[in-house]
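Take a look at this one chain, the form predicted alone, written out in structure tokens.
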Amino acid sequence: MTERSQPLPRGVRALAGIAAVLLLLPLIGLWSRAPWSELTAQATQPEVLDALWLSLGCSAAATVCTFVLGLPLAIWMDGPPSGLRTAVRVLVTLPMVLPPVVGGVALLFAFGRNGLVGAPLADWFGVSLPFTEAGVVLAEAYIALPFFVLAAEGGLRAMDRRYVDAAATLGASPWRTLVSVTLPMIAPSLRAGLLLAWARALGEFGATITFAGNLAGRTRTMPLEVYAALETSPEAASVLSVLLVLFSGGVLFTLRHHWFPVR
């Protein structure tokens, strides 16, 4: 890749600098207000630890759900173009552009006590998803699923299909071809999709608070704990915010080779 031969116009550089400052200032403000001397004490508060472990457990479960359900969906979407696949792709992408609170309302109407699926679940099996840890997992999986599906489908579209054709020619079954050829070839895309889905699930707020509530020790994840702590303990809110920023930065650093060009 060749270097840029012409310098950028001053106006472009000025606007780029303003954009960088706009993105950086909130982080500087958070960093400057964080009680660094009390970081360990605040981070080990019982309510903070409860929110942390709940967030890690629910986001991990949601990520497993996105893999189990999203991989077959991505493989199917990678098939020949059709109207049905286009419609499904729109539905898959929709949670990424919808306001998360709208997703939470939609989940209530589908899986709530009086929802399309929630009512039969409650009447026949006594299962209620809202305001439970399972509800948190469902809300996070619903929001995180598109990130994994689109990453996996992108890997499938970019792979060299000659190896798949060669495996089929040699007599490999479709299942063996998938496990031995396709999945290893798209492994980087799968890892990136899983990390993105996990990060999105960990940071989910709107759908979770709408569908699963904000019950301390039960459905209050880290983002919800930040929201609750702002009213009672700004120091704890800043500590949790710093932890989430550090985690998000770690995800970006891990995926830097997928997103940032190497010169």
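What we label the rigid core is the largest C-alpha set whose atoms superpose within 1.5 Å from one form to the other. Bear in mind the structure is a predicted one, so any value in this text is a computation, not a measurement. Numbers follow the displayed sequence, beginning with 1.
A second form of this protein, the form predicted together with a further copy of the same chain, is not displayed here; the remarks below concern that form.
- Using a 4.5 angstroms threshold between heavy atoms, residue 32 counts as touching a further copy of the same chain in the predicted bound form.
- Taking the partner from the other structure, a further copy of the same chain in the predicted bound form has a heavy atom within 4.5 Å of a heavy atom of residue 69.
- Put simply, residue 26 is close to a further copy of the same chain in the predicted bound form: some heavy atom of it is within 4.5 Å.
- Contact between residue 195 and a further copy of the same chain in the predicted bound form is found at the 4.5 Å heavy atom cutoff.
- Along 98 to 121, residues 98, 99, 100, 101, 102, 105, 106, 107, 109, 110, 111, 114, 116, 117 each place a heavy atom within 4.5 Å of a further copy of the same chain in the predicted bound form.
- Residue 171 shows a C-alpha shift of 2 Å or greater between the shown form and the other one [criterion: core-superposed Cα displacement of 2 Å].
- Between the C-alpha atoms of residue 58 and residue 248, a gap narrowed by no less than 3 Å is obtained in the predicted bound form, as opposed to the form on display.
- Panel note: the distance between the CA atoms of residue 197 and residue 247 is larger in the predicted bound form than in this form, the difference being 3 Å or more.
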